[in-house]
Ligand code: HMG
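What follows is a single chain, given as structure tokens, in the form predicted on its own.
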């Protein structure tokens, strides 16, 4: 039995900034944002929303959608760059909110960890939960849905896990990163025999190094970003991790075509700080893939004869390689379906790679494409810096989990902010919430000793 993602639920704040308003206010070309960067809208949290309220609301939606009770869950892990306490994990805030709905003590049997490793933390949390299930440690007690009879429970399948990635990407006003802001939470149900994606075993490839491409020291509300260097680190680390993933996937037999490896991949789900970032990383991966093809055709001296590896740093020659490889077609078919969420939400850090997956599922399902058996490769990057690449196969029951959509329902009923409202929220000058809240958790107050008080708005 393989474990993986059975279902996904999103929470996206109702408030957003439109790229046209932002471009006009910052004297930036609208075309640069829409076509050059790919940004259309940026989700902005209200004054009574934080990483904990978003995580708890996404989790509640996931549980209700799947008729889950607390006893069916064995662990709740949360990945975030926006922890609220130096010691107390975000998971405890979330469980406290959920127990307002399910009853005090209803989640006391659960284990839960707050993961911090920049944006790559969401992938680490997911892989740990999958390994927990694959190891059989989830078998104690009652648990997940019996497939033949929804709403009943099969003890033999063990408890399920919930992985939540919740973040607010906030940058200084007027800074180069301001147009890549965003906010949201992704909650994933992790089970055996998942409907959405079964993760391949033994293929994940990690790389890590010490770098200061992007970081947020203690006491800083916004990060310090070395823009170009951060993008270069992203591309290089993802390419390295992909190289290791390729070796692992071929060795395990998850992918069998070594001569056209990327051709055997149906979709790429990139971490997307902005929509066009995936294209930059894809071009680097395809350039290396082309070198491997030359080696296959000309033998081990192929790269020496063509000197392609030395050409990777030469942009004009690199683009010629990519023209031959037809990277535009590869991007359009295998990456473009993943960008719709990021384009309308912005960067959500730890949840970004899973927003890409949700976008793929929505976009291709709406296009009436058959997705069962298609392979998705996840390319996750975290500043500081590290990357992991892993893969999975879309299950036969994906359509049942998708229902009427994953991303689209989360974007319904949104409210467009004026730039004046946005500025006031950014500077924390807004005393009362801008939007009315229904069916979600909100932050009611913070006391002088740092305790945060939450409530559920029905």
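Remember, predicted model here, so these are calculated numbers, not experimental data. Residue numbers count along the first chain shown, from 1.
Note that the form predicted in complex with the named molecule isn't included here; everything after this is about it.
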| property | result |
| --- | --- |
| Candidate from 96, 83, 227, 247 lying within 4.5 Å of the named molecule in the predicted complex - any heavy atom | 227 |
| Sole residue of 35, 427, 404, 431 within 4.5 Å of the named molecule in the predicted complex, by heavy atom | 35 |
| Three-residue site 166, 354 and 390 fully in contact with the named molecule in the predicted complex at 4.5 Å by heavy atom | no |
| Exercise: residue 119 in contact with the named molecule in the predicted complex, heavy atom 4.5 Å | yes |
| The named molecule contact in the predicted complex: residue 347, any heavy atom under 4.5 Å | yes |
| 4.5 angstroms heavy atom contact with the named molecule in the predicted complex for residue 277 | yes |
| Contact test in the predicted complex: residue 214 vs the named molecule, heavy atoms, 4.5 Å | yes |
| In the predicted complex, segment of 130-138, 362-370, 267-275, 195-203 with a heavy atom within 4.5 Å of the named molecule | 267-275 |
| Residues from 373-389 in contact with the named molecule (non-hydrogen atom within 4.5 Å) in the predicted complex | 381, 382, 383 |
